[in-house]
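Quick heads-up: it's one chain on its own, the form predicted alone, in structure tokens.
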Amino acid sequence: MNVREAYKILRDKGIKITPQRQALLELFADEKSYTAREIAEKLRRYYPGFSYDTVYRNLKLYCRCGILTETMAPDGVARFSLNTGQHRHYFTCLACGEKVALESCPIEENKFNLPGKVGTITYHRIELFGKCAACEEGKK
């Protein structure tokens, strides 16, 4: 999904696209992931009245519409990114928010040794977090 497709989804659902909602969506054009707090800080430069609560409510709205996905980082803070609509797993850099898609799905390649008591898997999510190579080397 891209930002243009997201606007279409909002229009089709009858959701008003305010300048603030538009600015929030535009942040995701770089395909990185962000926390609600990071987004609120970025948007307050242009919309001083844009509160953390408003950002969070709109992020949740975009998740319900299928525009964004939410992942929980190890520190318990939710990170949001554009929903690609593909079955993918990602590494997310906790320092810069960079997302890197894994080349394959370890579940589909049967790289996990699951006990015999496990029945049919109908859904899975694998989330990897850490520092990207550029952040580890101090290049970002």
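In case it trips you up, residue 1 is the first one in the sequence shown, and so on. None of these values were measured; they are calculated from a predicted model.
The same protein also exists as the form predicted in complex with the DNA; that form is not shown, yet it is the one meant from here on.
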| property | result |
| --- | --- |
| The DNA: the contacting residue among Cys96, Ala29, Val77, Leu102 in the model of the complex [heavy atom, 4.5 Å] | Val77 |
| 4.5 Å heavy atom contact, Lys131 to the DNA in the model of the complex | no |
| is_contact(Lys117, the DNA) in the model of the complex, heavy atom dist at most 4.5 Å | no |
| Contact label in the model of the complex: Tyr46 to the DNA, heavy atom within 4.5 Å | no |
| Contact label in the model of the complex: His89 to the DNA, heavy atom within 4.5 Å | no |
| Stretch 24 to 56 - residues with a heavy atom within 4.5 Å of the DNA in the model of the complex | Ala36, Arg37, Tyr47, Gly49, Phe50, Ser51, Tyr52, Asp53, Thr54, Tyr56 |
